[in-house]
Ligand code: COA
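Next up: just one chain, as structure tokens, the form predicted on its own.
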């Protein structure tokens, strides 16, 4: 049983032998990731990156839900501090050891794009995925505009990003976004078996192999992530995001037709 999450959510950090388990827990918000949660994951990842007693990471959401994306306060940052989502994505990209994601229920926004930086991704067969960035008047983030076209081809990536439609676990697997689809009752066991097996692998060979597998982007990915986030935060201040937010609060469809470009 997980403890009650505080108002802005929490990351439950556990060391299970050679495995670091991170559980996103934001009760009532479908594990939306708050600023505090981002920073907790940054601390957990950065502090174990060179700690070779930890050989694998197991990332999951509490209560059968992966993540509904950014919490509204995830973008807030004290003056002069780099936004927490930017810090998190950098820590995720730079982490040298394998990351296993256990995906269930719902994966939205950065709850999808962060998977591009995980290594083994098991999803429950009833999981719903969505990247509604354009729908909210912003651009995609976490390097997704760079990685998704290379993963699944530009036309498929464009459909998912530009329409922001919902898609299921079977399609996510067919597109190469996840490793395997499993019955909901089996996905946790599969993730545990994977991190247990990884924790027994020779660490040097595993880390070098992971680096080779992921060394397809280099500086281009880093530069794209920075540009995405620049435009993303710019979009948060724009009229299209404001209209999307008003429409959500008023429980209506947004109308972008009268907003000047």
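Positions refer to the first chain, counted from 1. Bear in mind the structure is a predicted one, so any value in this text is a computation, not a measurement.
We do not show the form predicted together with the ligand, though everything after this point is about it.
K.L.:
Please pick, from 129, 88, 133, 122, the one residue with any non-hydrogen atom lying within 4.5 angstroms of the ligand in the predicted bound form.
P.N.:
Result of the distance check: 133.
K.L.:
Which is the contacting stretch out of 46-54, 205-213, 188-196, 28-36, given heavy atoms within 4.5 Å of the ligand in the predicted bound form?
P.N.:
After filtering at 4.5 Å, what remains is 28-36.
K.L.:
Is residue 251 a contact residue for the ligand in the predicted bound form, using a 4.5 Å heavy atom cut-off?
P.N.:
So residue 251 counts as contacting the ligand.
K.L.:
Using a 4.5 angstroms cut-off on non-hydrogen atoms, would residue 72 count as touching the ligand in the predicted bound form?
P.N.:
Yes.
K.L.:
Using 4.5 Å between non-hydrogen atoms, is residue 143 touching the ligand in the predicted bound form?
P.N.:
Output for residue 143 is no: heavy atoms all beyond 4.5 Å of the ligand.
K.L.:
Just to confirm, residue 106 within 4.5 Å of the ligand in the predicted bound form by heavy atoms?
P.N.:
Yes.
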